[in-house]
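Take a look at this single chain in structure tokens; it is the form predicted alone.
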């Protein structure tokens, strides 16, 4: 039996089956922003019990991989950072590493530390974005406003370092575009002290709030075996007891020279996923302190490309701490061959596979994003829960729709 209920021409739900006293309803959720973005969910309900969920990831950035294959390789960096604009350095750092492997160029030590610095600033901003969205999904507007307000502190630091607020295009093959600005260490330390206090506030008003705990504890449990079988990545994986982090698995930036912990919890529920992100913010702040204490002197851009600059421009780079690329950099040719790279974003591991054929454009560019890997959780975690648990589980997954539709 098929019926529909309509109001104002909009279909809100469909009764798709009716047997005796039991009915299954099909409910469309989204697209809605901020929440599902351009994605919609097709939710089937028996009463208020979720029977199944089909995530329809929609269209926003589709063909981004093919677009990157149609332009000079250096131009793919500002293109692909749009996939996860809230974490735009981490999302392109993997691409830059793959290109460096093909081009056989290594960044100098100072550049590796600067990359680590911006990556961790981005990670904190990304986690705050996710926590704010999770807050508003539980109608906790204070958590939403606090997290988004505090995120501005880290966005300002990223802007001070890179020169741009969101789309930094900071790392390029051979190094970074800008050196550390004067007074940055003091600003970063001030931001860290502020954030340490705010994390205690977050716990008091949100994560230790009995009402929030009742919505999160034991809800949307992802068991360790399932997390492994489904190929889940990032904090969602680590909250289920698996200690995997691409910062340890792949030698990139300066992580091998720094000390940090990878927070892991065993519960696998919505609360564990939120708490892992809080602990990761603390670890990121520890990494930032170490970077600012240990960062070596020296160039921030590879000598291989620096010597292509005319002498006056080279002097200007040394004086201002900023690189103006030579024309030859825009028509850089990728040698024949393949290169792969993986990087840990705020949402989890991102993987790149780049194939060169001797031209200025990549022959093939493939990217697997963490939200694409994690979208399957909507199908596996929701069934059996009440409909009121849907936003709680969704918010705890920190899913970013444009990143999946790439």
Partner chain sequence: MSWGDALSWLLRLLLSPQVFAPLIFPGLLTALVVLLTVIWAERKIAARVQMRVGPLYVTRRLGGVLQMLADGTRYMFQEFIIPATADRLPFLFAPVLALTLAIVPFAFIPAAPGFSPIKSPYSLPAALAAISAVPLSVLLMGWSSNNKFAIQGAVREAFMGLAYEAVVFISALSMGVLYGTLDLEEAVSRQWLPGLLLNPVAAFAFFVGMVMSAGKLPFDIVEGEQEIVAGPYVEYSGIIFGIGMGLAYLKLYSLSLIYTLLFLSGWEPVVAPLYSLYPGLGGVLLFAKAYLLMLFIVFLRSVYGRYRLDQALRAGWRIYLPLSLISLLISILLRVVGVV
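Residue numbers count along the first chain shown, from 1. Note that the coordinates shown come from a computational prediction; the quantities given were computed from them, not determined experimentally.
Another form, the form predicted in complex with the partner chain, is not on view; read the next lines as being about it.
Spell out, yes or no, whether the shortest heavy atom distance between residue 142 and the partner chain in the model of the complex is within 4.5 Å.
-> Contact check for residue 142: yes, within 4.5 Å of the partner chain in the model of the complex.
Is residue 290 close to the partner chain in the model of the complex, meaning a heavy atom pair under 4.5 Å apart or at it?
-> Contact check for residue 290: no, nothing within 4.5 Å of the partner chain in the model of the complex.
Evaluate residue 267 for contact with the partner chain in the model of the complex, applying a 4.5 angstroms cut-off between non-hydrogen atoms, and reply yes or no.
-> No, no contact at 4.5 Å.
Give a yes/no on whether residue 211 approaches the partner chain to within 4.5 Å in the model of the complex, heavy atoms considered.
-> Although the partner chain is absent here, residue 211 would touch it in the model of the complex, with heavy atoms inside 4.5 Å.
Looking in the model of the complex, is the partner chain within 4.5 angstroms of a heavy atom from every one of 73, 335 and 361?
-> Not a single listed residue reaches the partner chain in the model of the complex, so no.
Out of the stretches listed (165 to 173, 300 to 308, 134 to 142, 121 to 129), which one is close to the partner chain in the model of the complex, meaning heavy atoms within 4.5 Å?
-> Answer to the contact question: 134 to 142.
Single option in 82, 151, 215, 282 placed near the partner chain in the model of the complex, where near means a heavy atom within 4.5 Å | For this set of options, the contacting one is 215.
Identify which of 375, 60, 27, 367 has a heavy atom within 4.5 Å of the partner chain in the model of the complex; exactly one of them does.
-> Partner contact (heavy atom, 4.5 Å) among the options: 27.
Taking the partner chain as it sits in the model of the complex, which residues of 191 to 205 have a non-hydrogen atom within 4.5 Å of it? Please list them.
-> Stretch hits, in order: 194, 198, 205.
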